[in-house]
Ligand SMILES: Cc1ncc(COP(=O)(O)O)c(C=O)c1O
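Shown next as structure tokens: one chain only, the form predicted on its own.
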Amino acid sequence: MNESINAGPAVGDVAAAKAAVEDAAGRVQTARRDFLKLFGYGSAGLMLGGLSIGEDGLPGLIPEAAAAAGKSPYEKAFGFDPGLLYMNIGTTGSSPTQVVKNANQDYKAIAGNPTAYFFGQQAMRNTIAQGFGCDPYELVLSFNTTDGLWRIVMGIPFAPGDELITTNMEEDAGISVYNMLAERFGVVIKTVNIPTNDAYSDAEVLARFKAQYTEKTKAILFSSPIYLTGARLPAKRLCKWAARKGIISIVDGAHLPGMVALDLHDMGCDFFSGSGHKWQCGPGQTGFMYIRNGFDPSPQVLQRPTSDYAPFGVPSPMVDIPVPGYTNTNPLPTYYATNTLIYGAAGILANGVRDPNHNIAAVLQLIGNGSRPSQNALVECCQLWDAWGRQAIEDYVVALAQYLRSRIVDHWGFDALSIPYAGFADASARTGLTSFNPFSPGFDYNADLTAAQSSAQSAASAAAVAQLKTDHQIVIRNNSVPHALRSNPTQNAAPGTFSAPLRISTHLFHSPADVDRVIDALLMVVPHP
């Protein structure tokens, strides 16, 4: 046990954690961004998402009154069924009520006056790119994380014998991608085991990646946060290490958009794929694909067109878009456009050649008739998050998760959590995903398990999830996790002996009262000391 992390009694941490939630709630209520800078071409661009514009130039649907004590600052912006406590945002989120209303009106308008919807996304990308710390030329509205990952890896010229370093905790999308690379192109897959509970540290994760490196390493592919444990890997350190080695970095960031204040240029990844329907609370089958298309470390204000036709020589009004500098200053890796109607148009991405002045997103975005209501709704959600303040939202989500973890520690102990617990949220804990295991022997996440114990634990965990939903109207989920072993923390559980912890998602529409409710229900449903 790491005494520097777990020193001192758990009692008392709960009150401090709850006070931190209240402080974060106050900041998220007052957080506002200067939208006039973000949307330099005026309110016409804002109306893409159907938002109303107030006298202050900010979108509507921003709560003005202080939230009632113990309530989420944004509880009333969402329309959950009465009595339902939904805490599985890691699987899919819920769109704000106004976004749903506008999307329905959008569908109705298209049904009444059908039209093909090939264009319009340039203004959307201009609208949301700064909220993710990137250039609109680099950001593509994809279908989801899986779609983005496949379009990324299929555009990279892998060759037989190339090596890809990944982890043992990837989601199905990542697993499918690297299995295909191995079978079709002869890529050698090397796997890093992600440690759990007090065996976890950022330094240990980085060391395990470094241990897999050889001169044949072509790329790294990893998820952050890890969907199984909620651990937020040291993405920037991993991407900077990869850059120093000349390795391509691919990040499955399914859970990052909407959960944290994301700065893709600062992260330093070459490629990124994230979900629009999880923490960003957009419609299903929406996501974000990012392709680094520059290397200047200096922040810039770039002129970007408002028309989708501009990359192909058609005049367009221009807007100023502030873009942060790149931490990854490597030359741009070769990338071939995939799934596009206009391969090589205007010389963009022809033969895999890269140019920082090229609008690569314009080529990759054009894949045929898209869903205007879905894309508009996603953009509207992004606008709301920007208005409410992405950093303030992250602080609130993390503070709420820390309160949940403090309650878990108070009842089940430090060893029950998937990642190390401290009263403050260190880098790995800056996430809204909380995983803990009340079914493991000794309430120890890293306990050694037999195959029989693993099977029994899986059944008990699934039964608990079902009972919470049926008897308490609380929705969470469970997972099958290759946890680190208590007997040897350098090793992870062998196949057939996975643990089956519970995973709880806390988001901006939750409150400390919701955390108390799920803890009270868990004490009636799962084992506890």
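Here the structure is a predicted model, which is why all the values come from computation and not from measurement. Start at 1 with the first residue shown and count on from there.
We do not show the form predicted in complex with the named molecule, though everything after this point is about it.
Novice: Could you spot which one of 263, 448, 171, 355 gets a heavy atom to within 4.5 Å of the named molecule in the predicted bound form?
Specialist: Answer to the contact question: 171.
Novice: From the list 125, 292, 277, 405, which entry has a heavy atom within 4.5 Å of the named molecule in the predicted bound form?
Specialist: Of 125, 292, 277, 405, the residue with a heavy atom within 4.5 Å of the named molecule in the predicted bound form is 277.
Novice: Does the 4.5 Å heavy atom contact test between residue 90 and the named molecule in the predicted bound form come out positive?
Specialist: Contact with the named molecule, yes.
Novice: Can you tell me whether residue 401 touches the named molecule? I mean in the predicted bound form, with a 4.5 angstroms heavy atom cut-off.
Specialist: No - in the predicted bound form, heavy atoms of residue 401 and the named molecule never come within 4.5 Å of each other.
Novice: Answer yes if any heavy atom of residue 220 is within 4.5 Å of a heavy atom of the named molecule in the predicted bound form; otherwise answer no.
Specialist: So residue 220 does not count as contacting the named molecule.
Novice: Considering non-hydrogen atoms and a 4.5 Å limit, does the named molecule approach residue 145 in the predicted bound form?
Specialist: Residue 145 belongs to the contact set for the named molecule.
Novice: Only one of these stretches, 222-230, 379-387, 131-139, 204-212, has heavy atoms within 4.5 Å of the named molecule in the predicted bound form; which one is it?
Specialist: Contact criterion met by 222-230 only.
Novice: For 242-270: residues with a non-hydrogen atom within 4.5 angstroms of the named molecule in the predicted bound form?
Specialist: Stretch hits, in order: 252, 254, 255.
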